[in-house]
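A single chain comes next, written as structure tokens; it is the form predicted alone.
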């Protein structure tokens, strides 16, 4: 995942948002500094107390009302996403649909996942009753990305709200309107708790102000480099930090795989949203005997796709202008290092669009195989066998997602278990992203922590352990009044029991 570099301070009170496809101005938005961010956090903290005091069924009802408001205004939300990112309207609508799925799951499952849970006590604590409680952390800051400005932030926003928190969202400066619309719809649907979801707008300086504002946790999506800088700020106050930092996801294709299905999925995973997907397909490792056949099928499908800003285009422009140079550098470096461009090449870069590029025989040490390209480029390399494919897939600083295409589902699952990835799909790509119950996140340069699913709900809580003494114990070992002989007998008994079991 890529993002913009930090600025020292806001240079003006507003900034102009422009269409990534045409450069035409779309809207003016304020640059919120430390004072504005502090006010937003203070307001959120005030509202959060009442929200946390609600019963779980009432919070669920409010969040489902917000979900219905989003569904009712789906076209308007999708239109805003499409304008700000440049992605086709159909892709933007699908993003909203996935957002609704996750918001609904979080609302309906928060009580089951986070409700008070009894735990068993031991022999020497039989007089105690014990349980775990998940309490909201308070005010959660969310720094969202521009590539999926509705779906990705909701993995933190919706789950944090469902867990009883307030949220201050800083959307990307490339997609502020989407974040503002989410908050507007929340206030409209849940007026009694208006301000529970607050949005601040601006670039990196606004994000830094949010990290310094005294929030109780920060969820960040962006590049590893920026994550390290934001994390360093959070470390000054020991503010908990959750990071999703993109990937260099690999696909493994075995000799008995359905090659048509694999090619179709690879092309969609690599080229949808102009390749600007953190868990999108960037590397493919196909066993040698089917490599040429797979490449032919991938090229045939990818060659039929066209980027553009019109309604017939399959995907849109590069949303972040600076990313075009990265894509061009990766392709040029790969070709000059001996890779073969079987579709497109450096000439495919025609800003603000990049036509599909398919590379093969790409040196494993090249930037196109080690750095996140985040564009409509896919490398398809041949390997001797599955063992080599697994080794190459795992040889990366990133560990976010992966996929396996295999004739046997059982074998595919066994290969998936060998991959160092936070999420793996067998015989599909990104299958995990559409299942709200599955946690999502990675390790290494892909970040740490999890959103979505039960783990995503728990991520925005603090665990409290409680014991209540039911009756006075026969022997009160936690007292200075216990005779030494009694304590010694208790130790001998415990030792004997643990030697037997």
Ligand code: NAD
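Keep in mind the model is a prediction, meaning the values are calculated, not measured. Residue numbers count along the first chain shown, from 1.
The protein also exists as the form predicted in complex with the named molecule; that form is not presented, and the subsequent description refers to it.
Student: Is there a heavy atom of residue 216 lying 4.5 Å or less from a heavy atom of the named molecule in the predicted bound form?
Tutor: No, residue 216 stays farther than 4.5 Å from the named molecule in the predicted bound form.
Student: Residue-level question: is residue 66 within 4.5 Å of the named molecule in the predicted bound form, judged on heavy atoms?
Tutor: Result no; residue 66 lies far from the named molecule in the predicted bound form.
Student: So in the predicted bound form, is the named molecule close enough to residue 333 to count as touching (4.5 Å, heavy atoms)?
Tutor: Heavy-atom contact with the named molecule at 4.5 Å: absent for residue 333.
Student: Decide whether residue 207 counts as a contact residue for the named molecule in the predicted bound form under a heavy atom distance cut-off of 4.5 Å.
Tutor: Output for residue 207 is yes: heavy atoms within 4.5 Å of the named molecule.
Student: Does the named molecule, in the predicted bound form, lie within 4.5 angstroms of each residue among 79, 95 and 316, using heavy atoms as the measure?
Tutor: Verified in the predicted bound form; spot residues all out of contact, no.
Student: Which of these residues, 134, 329, 392, 229, gets a heavy atom within 4.5 Å of the named molecule in the predicted bound form?
Tutor: Contact with the named molecule in the predicted bound form is made by 229 alone.
Student: With the named molecule left out of view, choose which of 171, 141, 376, 158 has a non-hydrogen atom within 4.5 angstroms of it in the predicted bound form.
Tutor: Of the listed residues, the single hit is 171.
Student: Just one stretch in 253 to 261, 159 to 167, 217 to 225, 182 to 190 has heavy atoms within 4.5 Å of the named molecule in the predicted bound form, so which one is it?
Tutor: Checking each option against the 4.5 Å cut-off leaves 217 to 225.
Student: Within 4.5 Å of the named molecule in the predicted bound form, which residues of 130 to 152 have a heavy atom? Give them in sequence order, or say none.
Tutor: Those in contact are 143, 144, 145, 146, 147, 152.
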